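Take a look at this single chain in structure tokens; it is the form predicted alone.
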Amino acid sequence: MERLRSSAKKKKKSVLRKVIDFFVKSEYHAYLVGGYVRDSTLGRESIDIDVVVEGDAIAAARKLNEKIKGKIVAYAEFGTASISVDNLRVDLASARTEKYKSPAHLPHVFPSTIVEDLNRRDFTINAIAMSISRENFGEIFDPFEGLADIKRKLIRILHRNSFIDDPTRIFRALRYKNRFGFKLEEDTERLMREAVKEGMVKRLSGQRILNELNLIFAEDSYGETVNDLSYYGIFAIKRNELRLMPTSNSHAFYYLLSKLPRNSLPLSKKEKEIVDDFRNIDEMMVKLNKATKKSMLYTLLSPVAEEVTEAITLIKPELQEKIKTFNALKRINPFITGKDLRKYGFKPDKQYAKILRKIFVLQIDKKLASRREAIEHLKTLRKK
């Protein structure tokens, strides 16, 4: 506990110290909560600062920002505000309770005290608060024995219906487990399995699932968490498929998405194209292994997203030379461009890329030795 209090006081000019000084001198009852308290207890650096205010957090945030002079954004409907300053974010929220009208949906929010606020949180290790108020600075509120669970290296939910009320906690439980090297507490693991079996994850919107996956892949331990997603049956992914997952989190992210049902997540057009190419990566690697001519390499890989060709070298290092050859082919100046197609009467459409690719393949195979020959070939295609 002394580590937690002392870490809050150090670095006189730090953003954290300025936040604490503001609240100690104010009339607000305020508390450091969640990640900062947990990480300080673990001796880890905490990126963001979370403060709960018993009262109007937005009003407190505006007054605080007069001191720390950051960029403030308020969310009146939630009673929260964020201040970005010096590459840090200070999040302020009014103490609140939450009631879930139905499972897997966002809750209704009501004002409350700090203890009631801690009662709504996901895991005991996140349900710890330290007062930064004048009259009881440093007092620790730990109604669910989160400090003991940190010492025991356990991830434990607060309520039996926790995973039912908010199934995103399933993803978070595994993320925290692997980030800290903790274990799931026995009842927590059992209740999580039951929630998965009851299909609670399927009740989440695609956007909420995508948000959780992005958070998973932002962690160094994403590989272990992805294995857990398969092990606990959260996604129907075969363990042997995960052995081919690229060893780069950006590529691994798309690889995992390619194993999920089509159109289950709100992806951009570009992201959907990348994911679709990843769906065919196994077949592509087989064909690539058999390809012997440069033109075969180009024909196979030129329509494919760059992220996929990069991933192939990570999955199958023995194909690196062929990928290097393909990348060298991409640097060759083609005899014919889209400008030539327009000049010779080809209407802009989806055929453009196919025509340019075919002519470039002939160029690679030395069947067209010059731009003049390529132009003549183009004229014959136009007549057809």
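The numbering used is simple: start at 1 and walk along the sequence shown. Keep in mind that what you see is a predicted model, and the values were worked out from it rather than measured.
Unshown form predicted together with a small molecule; subsequent notes refer to it.
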| query | finding |
| --- | --- |
| Region of this chain that lies against the small molecule in the model of the complex, out of 183-191, 136-144, 168-176, 256-264 [heavy atom, 4.5 Å] | 168-176 |
| Residue contact check: Asp122 to the small molecule in the model of the complex, 4.5 Å heavy atom | yes |
| 4.5 Å heavy atom contact, Lys322 and the small molecule in the model of the complex | no |
| Any non-hydrogen atom of Gly55 within 4.5 angstroms of the small molecule in the model of the complex | no |
| Gly35: touches the small molecule in the model of the complex, heavy atom cutoff 4.5 angstroms | yes |
| In the model of the complex, the one of Asn126, Ser230, Thr113, Ser221 near the small molecule [non-hydrogen atom within 4.5 angstroms] | Asn126 |
